[in-house]
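In what follows, one protein chain appears twice in different forms, each by itself as structure tokens: structure 1 and structure 2.
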Structure 1
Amino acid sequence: MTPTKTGFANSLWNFFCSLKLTIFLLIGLSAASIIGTVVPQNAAPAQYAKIYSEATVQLFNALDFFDMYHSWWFILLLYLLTLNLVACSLKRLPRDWKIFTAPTVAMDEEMEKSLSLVRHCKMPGSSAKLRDMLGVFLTREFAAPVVTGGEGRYYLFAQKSLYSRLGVYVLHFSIIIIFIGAMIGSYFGYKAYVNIEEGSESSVVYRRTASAGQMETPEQIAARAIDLGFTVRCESFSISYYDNGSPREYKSVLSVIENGRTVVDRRPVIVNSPLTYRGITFYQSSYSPADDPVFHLTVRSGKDGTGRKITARHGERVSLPGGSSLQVIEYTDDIKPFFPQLSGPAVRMAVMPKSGETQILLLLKNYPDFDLQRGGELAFTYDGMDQKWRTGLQVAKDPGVWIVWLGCCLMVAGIFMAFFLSHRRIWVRIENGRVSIGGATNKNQPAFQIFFDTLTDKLKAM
């Protein structure tokens, strides 16, 4: 920053201040980022072996291509970009600082030459009178001016959107804020998951790591466990569907128990509506059956017609009155895709008489008389099923996330200030009935020129 630096420090400083470095880093980061979108990241070794030759795997491993965005060289590029933008901001700060703290308020003849927009006109009246009149005019048409000078020679200076010059600093600073937030998140937060069966609970969650999901010993899994300090209970899990069979909603009803007290009672958690407790957020992420489903059936013997309720687990052989038995083979929540004229849940089951051939029956929940029409010795109805689910929750703790959002807000504000606002300045010099007006903007010259021309025309018309 100062010219007294040694040669090396100076050239290092210049290196980090250079816009060429910025452009190189931005293009370099884009090109490097492509790698990680083509090479699968953090996949299982077996998967890599399938895609790449052994030599390629070794090379990619050495280059950290399999976890590219966390590799030392990618992080280095991000650090260099940060250093670069800090250095560039520091370099231009003194010049802008002066514009803020000690603006040029008097346009003398020398300074006038540096302005591209200057008009002169003759106006009647004393300098003091012109000064007051122009002060009112500028306040009305542009902004309240600062008046200096004296003894028949006066200077007026007015400016608008001075703070827009801060935009570029705010924008660059916001990137650093976002990085800080991301670092806080990665040091003090975690990404984890937990699977909880309906009706049961967990007070630990499991950290997601690159090796998660691969063959692990119980000790390895235990090493990833994080104690929540409270207990999450899955009261229930359910799925609902649209008419066309696509999923409408996955819902876990969760309760939180802390020190034996229920602090969150039966809060539904769906996708796009997570539950946060003590800075830890639970997201609906996946589900799986916890158990074989249990089917509820009614069996009537053809003679008397009195029904008897029976339950059968999927695949389980259940004895029936009269010595025969049944077994549910398959089931569906909706028969429509198979028989478009029918709808609702259905089961297919095998009925095995004491002797003779096994019969395969289809039962429909929405049509209880369906099997009666078969006219068999036994008639069945399908009353419904119970499926015990296990909900899969994504668990995240990120104390840095609010800093990231703060950074994002600053970024939007900075972009708005830097892109769409311009610092516009007007100078006036009054001397011997001669009025000189100069104008300058740091951006959008054509629009300012139109404004400047209109302003001076108005003045001349006075």
Structure 2
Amino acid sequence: MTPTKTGFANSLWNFFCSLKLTIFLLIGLSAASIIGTVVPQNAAPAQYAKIYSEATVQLFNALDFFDMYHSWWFILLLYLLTLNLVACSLKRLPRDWKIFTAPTVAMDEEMEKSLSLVRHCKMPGSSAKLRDMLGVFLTREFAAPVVTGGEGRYYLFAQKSLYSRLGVYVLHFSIIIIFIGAMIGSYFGYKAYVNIEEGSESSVVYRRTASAGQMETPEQIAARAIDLGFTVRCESFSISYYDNGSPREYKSVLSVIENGRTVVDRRPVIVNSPLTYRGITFYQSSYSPADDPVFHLTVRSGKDGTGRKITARHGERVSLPGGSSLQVIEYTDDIKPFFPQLSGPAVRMAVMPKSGETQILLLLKNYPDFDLQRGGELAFTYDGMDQKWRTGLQVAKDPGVWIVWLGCCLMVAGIFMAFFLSHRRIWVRIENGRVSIGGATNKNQPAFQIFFDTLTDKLKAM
């Protein structure tokens, strides 16, 4: 029974220490990240229904592709990679620990055969004199040596960047720290959304759902509600446009109210410039009209120029003097993309006389006399529009973000230690006027060989 258990334990240990397992897990995590980038995460069910067929939606739901970073198989990959990193670190720890605590300081003939870089030279003087001279030489050219031996035979040992061997452990530990931070953010944080109309406020946000199969009931929506503990108010919302009419920037002005007191007053929030309060971050995500726009028009008599102000909602039929009526049927914030010679807001409306055919008119805010040129009984001027907007905010709370940042800093330090520093060691043996010098490094052998050859040339020239 014992050999069987030992064999199984060794097989399991070798499995978790395997480089093949590391490569497999990294490829799996990379593939999962690609899927998480291509497939929208935690979107509304209607959005998935527009993109994918019903069968694809059901398949992706079964595979947890719509909430992949919380899926059991993605978390399992992270756990396996963590175990793999810990096992690899423990496997190489005894060897490195011995190098730290009990380095080989004497290069005997047996050790000399194991070194790839060894040089010999004859130097005049006693062994004690050569010991002192080479001690000064190594201190000046490399590092202060440890001197051992006696009775005509001395050993010198010097090393640099011993702690670079810790780089791989720091790197492994940093990845584990990042995983821990990500898990904390996953379990104790959330990603949510809220839509707030201009002039109104909300103290509740709604967690995004991974369910894409069917529309949710009010009870299910209520179950996803998260109480912020404070109130967010949308003071105003504005949009600016490019010359071609596409949105250039949309901005919400938010205030935060807590315990009846305004703690954040009128903070502008745009894309890539979020608002953070008490660890909760509000990102500008989307916008939509809160209601039909209200258009302000002036109607003037074509004869005497007398006029009056009227307002009309989009699609609403409004009575005019003389029994006719009008209806705004289309509007734009900038007519330039349609008529390059013109610019500014415009509306297209239908004027329906008491008798006769309906007229379609174009009114331009920047050209108040535009309709006068038509010469009708009534002349119209477009004075402007009131549009109330609803801002869409993405809300995120991630208590593990600082742990992730700590892991990232450790990763940078680990990469520098592991890839840009090397543990270099020099051994010297002195006996009967014969000096033997050997060297070794744990990485970047070509560069160390150049340094070693230069060092021995200086020694021989002494």
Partner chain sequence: MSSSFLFNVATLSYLVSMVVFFAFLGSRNKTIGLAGSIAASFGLIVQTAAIGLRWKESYDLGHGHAPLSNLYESVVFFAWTIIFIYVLIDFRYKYRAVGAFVVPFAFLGMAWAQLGLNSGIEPLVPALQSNWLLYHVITCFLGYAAFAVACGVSIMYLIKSKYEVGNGNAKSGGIMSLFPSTKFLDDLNYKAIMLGFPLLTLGIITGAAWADYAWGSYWSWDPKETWSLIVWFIYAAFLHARITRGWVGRRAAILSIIGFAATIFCYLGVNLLLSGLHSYGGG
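Quick caveat: nothing in here was measured; it's all calculated off a predicted structure. Rigid core (definition): largest C-alpha set, two forms, superposition within 1.5 Å. Counting starts at 1 with the first residue of structure 1 and goes up one by one along its sequence.
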query: Chain form predicted on its own, by structure number; finding: 2
query: Of L362, S285, M411, I75, the position at the hinge that separates the two rigid parts moving between the two structures; finding: M411
query: Size of the rotation between the two structures [smaller rigid part against larger, C-alpha superposition, degrees]; finding: 11
query: Cα displacement of I34 between the two structures, core-superposed (Å); finding: 6.4
query: Rigid core superposed, the C-alpha shift at E54 between the two structures in Å; finding: 9.0
